[in-house]
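Coming up is one lone chain in structure tokens, specifically the form predicted alone.
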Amino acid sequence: MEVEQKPNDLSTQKFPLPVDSEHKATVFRVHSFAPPHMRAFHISWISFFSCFVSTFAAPPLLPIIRDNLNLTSTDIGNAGIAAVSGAIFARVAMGTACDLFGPRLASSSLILLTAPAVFCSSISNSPVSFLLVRFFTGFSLATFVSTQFWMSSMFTARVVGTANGLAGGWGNLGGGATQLIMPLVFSVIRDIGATKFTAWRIAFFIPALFQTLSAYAVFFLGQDMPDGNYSKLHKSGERHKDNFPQVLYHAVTNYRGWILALTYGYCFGVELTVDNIIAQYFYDRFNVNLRTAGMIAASFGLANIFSRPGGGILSDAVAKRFGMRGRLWTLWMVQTIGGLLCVLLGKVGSLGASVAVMLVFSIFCQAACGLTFGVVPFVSRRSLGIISGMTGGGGNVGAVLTQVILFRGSRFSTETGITLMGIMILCCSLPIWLIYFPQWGGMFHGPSSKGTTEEEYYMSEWSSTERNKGFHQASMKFADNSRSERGKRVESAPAPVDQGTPSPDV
């Protein structure tokens, strides 16, 4: 429900973008920096971008670092696993922090706390110290959760997939950009006169400084919600302090969140895995030089400039006609095609064919990430942060498991590992078939015959006592604004129910 901004409407005239009843923007204007909606968008993706640059600053320089620190293939594999494993629990914790303290404080704190690990990368002198700095730097990837939470808090249902896709995609772009940035910085420093074993160490100061500055930008320029920061809203009584055990309960008992965590593990988790292995794969298998390998690897991550946002935009587009069922069908089809392309990538044996397949694979892999977070905001209103954290953490779990099983040590060749990774993608996309929303339906079944409404679904997260105190009002507004997920059925939808008893189907 969009709110008209009339001159006498004091509640909405302060916003430069049209908003709905929750004051979420109903349009997305990427060229705008207007506060609070578009400013939050740009600050969030830039800060997440800086964290990606830091976390994956090492892989493009690995041929130099491994000679300096005498790293074995097992050491390199362990360090790659460490870089993404730290964020597993950090992402769940970040979701909780967003629910309780707001995305601005949660994000800026984590970015600033992990920046010293990036600086310390320059003084690594053993396989153990190299593993530790990659582990602690990887915690910063949990800022993805705050990015998605922030966008879901700022943009309404009709454009939230686009906002999430662009913020996540442009942030993930850092994984590709660092493949270009670090070899370039390394070359400049070496050309100035430093030895190669000194140049790679100095190069780490660039991502470390970038990450530090982005933390201050989030804290001083960002705003948690359209109406202000959490601290202000709590003091004014506009937002109540939620009961954490209840927030956690409604997150972990919602099976949809667990399925999305699994499927995200084999789109984003695969992306993280490829970021860790692809430069070295082309360097070793096709005997290209370091800069060429970095450019090829960068092209995988750089596809995020349009592929992940494209997934979010596609999710919103199909939802206009087919609702949530369209979002789910599109997610499954795109991720399945990505799995088939991954299998093919491991089979082709020429440099040109490998690069071509990798580029097409990157588009589908990253689009599936955007499509996933086109669904996430609708799983739970009350526990949005933890659901986002569970899904984001699932991406890191997938990356860890894939690297441990397929790319650690010499059990499989890299090309065989890539093929098996594709098979894992195909298998882990199947549970999407099981996701069902009683008010909207699922892939193979329409909405519940009991006529469950959005209000009943989201009201089921609140007890009668909490509803009597009015704590559920934000969920009611969200339910009303999410009726568009019925697709073409929205015109004939049942009337909202304010205080009805939640359906047992919910």
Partner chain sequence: MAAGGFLLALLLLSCLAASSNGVTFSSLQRTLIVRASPTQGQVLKAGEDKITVTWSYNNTFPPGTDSTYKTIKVKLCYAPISQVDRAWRKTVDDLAKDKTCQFKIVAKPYSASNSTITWTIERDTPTATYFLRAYAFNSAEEEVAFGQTTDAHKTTNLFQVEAISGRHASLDIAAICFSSFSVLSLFGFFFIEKRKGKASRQK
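Bear in mind the structure is a predicted one, so any value in this text is a computation, not a measurement. Positions refer to the first chain, counted from 1.
Note that the form predicted in complex with its partner chain isn't included here; everything after this is about it.
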Q. If we take heavy atoms and a 4.5 Å cut-off, which stretch out of 378-386, 396-404, 101-109, 87-95 is in contact with its partner chain in the predicted bound form?
A. 101-109
Q) If you check in the predicted bound form, is Lys477 within 4.5 Å of its partner chain, heavy atoms only? A) no
Q) Quick one: is Arg201 in contact with its partner chain in the predicted bound form, heavy atoms, 4.5 Å cut-off? A) yes
Q: Tell me, yes or no, whether Asn68 is in contact with its partner chain in the predicted bound form, where a contact means a heavy atom of each within 4.5 Å.
A: yes
(Q) Taking its partner chain as it sits in the predicted bound form, is Asn243 in contact with it (heavy atom to heavy atom, 4.5 Å or less)? (A) no
**Q.** Answer option from Trp433, Tyr249, Tyr255, Phe205, heavy atom within 4.5 Å of its partner chain in the predicted bound form
**A.** Phe205
Q. Of the options Leu426, Ala317, Val128, Leu351, which one has a non-hydrogen atom that comes within 4.5 Å of its partner chain in the predicted bound form?
A. Leu351
Q.
Taking a heavy atom within 4.5 Å as contact, would all three of Thr72, Lys196 and Ala356 count as contacting its partner chain in the predicted bound form?
A. yes
Q) Counting only heavy atoms, which residues in 275-293 are within 4.5 Å of its partner chain in the predicted bound form? A) Gln280, Asp284, Asn287
